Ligand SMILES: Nc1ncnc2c1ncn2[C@@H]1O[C@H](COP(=O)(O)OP(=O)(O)OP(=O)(O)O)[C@@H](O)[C@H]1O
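A single chain, nothing else alongside it, follows as structure tokens in the form predicted alone.
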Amino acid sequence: MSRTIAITGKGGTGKTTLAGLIVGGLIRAGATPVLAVDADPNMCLDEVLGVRATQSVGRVREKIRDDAAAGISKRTLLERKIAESLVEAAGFDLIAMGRPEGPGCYCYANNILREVLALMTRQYPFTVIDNEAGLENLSRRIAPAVDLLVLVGDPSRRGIATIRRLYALAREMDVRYGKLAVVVNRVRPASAFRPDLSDLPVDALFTLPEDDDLARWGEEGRSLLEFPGDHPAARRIDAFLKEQLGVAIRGAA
């Protein structure tokens, strides 16, 4: 059975870092290979995971829109080019969605893209989507149905308000998901911050503390897949995956 985790949040809240930590947790649990989907046009999940995406689906879609090869259908060409865009690494593969680079209607290409990605995700036990804040890829059904939708915010009134807006946006766009989780990131250790989201149907609500080690990892551009598995932040992610998806580190209680 293939399951999908989609992560979204306002820029700067650490959603891509969280996506990287979740991919790392799934790899530690042996739930491999993981398909990592960078659905944010800014495209930085590859750096977080220590690989480089040189091609994006957006660029592929733009190229084949007007330039199908002789004797090859656009569908076949798109499938082939998407496969070529896949970055293969130890324990995971990555594909970057990017964005279309030109004007015009992409309805036909999007329909094909939706089918190709649906086929791809079925080949992986888990797909982790680092989504843009607007949830467009989910609302257009380009990305598959979501088993766990994760909304990420920071420990401020505006951060919590943004989480509520993202939830409202998901409802408005009829984004379909199984479970809803909220992660409040970068909470200061001595803070008395206690988010009240009792008005939302949240299945999991937890905080991640402000962490100098994670900050240094990002400043140095190091892969989060090299982040120590026994670090408190990594252990918290492991517990989250076990609680919400039943995924546990092999040999762990």
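Everything numeric here is computed off the predicted structure, so don't read it as measured data. The numbering used is simple: start at 1 and walk along the sequence shown.
Just so you know, the form predicted together with this ligand exists too; it's not on screen, but the next bit is about it.
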Worksheet item: Has each of K10, T13 and D40 got a heavy atom lying within 4.5 angstroms of this ligand in the predicted complex?
Response: yes
Practice prompt. Choose from 49 to 57, 198 to 206, 22 to 30, 214 to 222 the stretch whose residues reach within 4.5 Å of this ligand in the predicted complex, heavy atoms counted.
Written response: 214 to 222
Worksheet item: Along 159 to 189, which positions have a non-hydrogen atom within 4.5 Å of this ligand in the predicted complex?
Response: N185, R186
